[in-house]
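Next up is one chain by itself, shown in structure tokens, the form predicted on its own.
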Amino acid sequence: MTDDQKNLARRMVLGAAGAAVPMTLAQQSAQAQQQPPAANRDGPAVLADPRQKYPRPPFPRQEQPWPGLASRMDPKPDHGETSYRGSNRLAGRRALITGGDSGIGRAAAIAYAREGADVAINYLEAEEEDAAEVVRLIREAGRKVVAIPGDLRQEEFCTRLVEQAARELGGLDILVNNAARQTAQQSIADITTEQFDSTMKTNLYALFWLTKAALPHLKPGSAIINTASVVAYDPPASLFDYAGTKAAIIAFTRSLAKQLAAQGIRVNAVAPGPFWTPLQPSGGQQPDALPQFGAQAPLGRPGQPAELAPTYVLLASAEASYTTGDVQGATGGQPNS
């Protein structure tokens, strides 16, 4: 072998040895920046402008009788029907969700099922049309679903609801207290005792009754998630009674979390900002205000239920094992404290 051949062979050996030396973090970072973004199963990851991701006001003027249906809203809310993809984060869990036919409860029900949980939903009989769609979606996810209509303003029904859900699901690991009553009135003088009583019983008494009934079924690792609202911190003049109940839910959550920590049961709340749900056109907003609903948020639009589903999944999952007594917000930029 000539000297030139020996030098070439030596360079090839050294080059091969050098290729086996791990790159430094700086080198890895530089190389990564030169590569195209990693593709997910649907194609390259794409940044979405949160201001334009969903419809912005103005919306068509619309009214519905209480309790309202998502299927009759314009535009129709997005509950994650076509977008939410699970990753087995709640495999084998059993959840009861009140108000599970539409809005935030529906988004949570869809997400829970696609994360591997069996789900019981509660709703009013007038909401059967929306509930049937949720039942279909949960079954398509391959999970068991129990649909239980009834009025949460009745203590006897709340107790029966929990017992039926636990019996048919084979137990209970997650309780989502989500159903609510909201009726906008310009003055306290316009709020009847009937309205005040209905709001208090739906939003507060039901939490008390349902939680008491659920506790014997919950084991360490179980989770209770309550739906509060940003109006607990900045109550609008037109939501006098509703805002009061949402502030009480935050206190309820934090106090109960301290009680149940010794049992290994976590209690948290979600405090959404303006979200596009049937609550709004069925009396939750003044009809003249609805076309601009959500415009006051810094992002310039209301949230869609699908945007809250991951929060409810996280709080129910073992990934949030050190989170209890917390209130998580999704407000489009509005202050929530």
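In this text the structure is predicted, and so the values were computed from the model without any measurement. Start at 1 with the first residue shown and count on from there.
Unshown form predicted together with nicotinamide-adenine-dinucleotide (NAD); subsequent notes refer to it.
Residues with any non-hydrogen atom within 4.5 angstroms of nicotinamide-adenine-dinucleotide (NAD) in the predicted bound form fall in just one of 187-195, 165-173, 261-269, 241-249: 241-249. When nicotinamide-adenine-dinucleotide (NAD) is considered in the predicted bound form, only one residue from Arg89, His217, Arg254, Arg153 comes within 4.5 Å through any heavy atom, namely Arg153. By the criterion of a heavy atom within 4.5 Å, Glu127 is counted among the residues contacting nicotinamide-adenine-dinucleotide (NAD) in the predicted bound form. Although the partner is absent here, Thr183 lies well away from nicotinamide-adenine-dinucleotide (NAD) in the predicted bound form, with no heavy atom inside 4.5 Å. The shortest heavy atom separation between Gln304 and nicotinamide-adenine-dinucleotide (NAD) in the predicted bound form exceeds 4.5 Å. Contact annotation: Asn178 falls within 4.5 Å of nicotinamide-adenine-dinucleotide (NAD) in the predicted bound form, judged by heavy atom distances. Residues Thr227, Ala228, Ser229, Tyr242 are the members of 226-242 with a non-hydrogen atom no more than 4.5 angstroms from nicotinamide-adenine-dinucleotide (NAD) in the predicted bound form.
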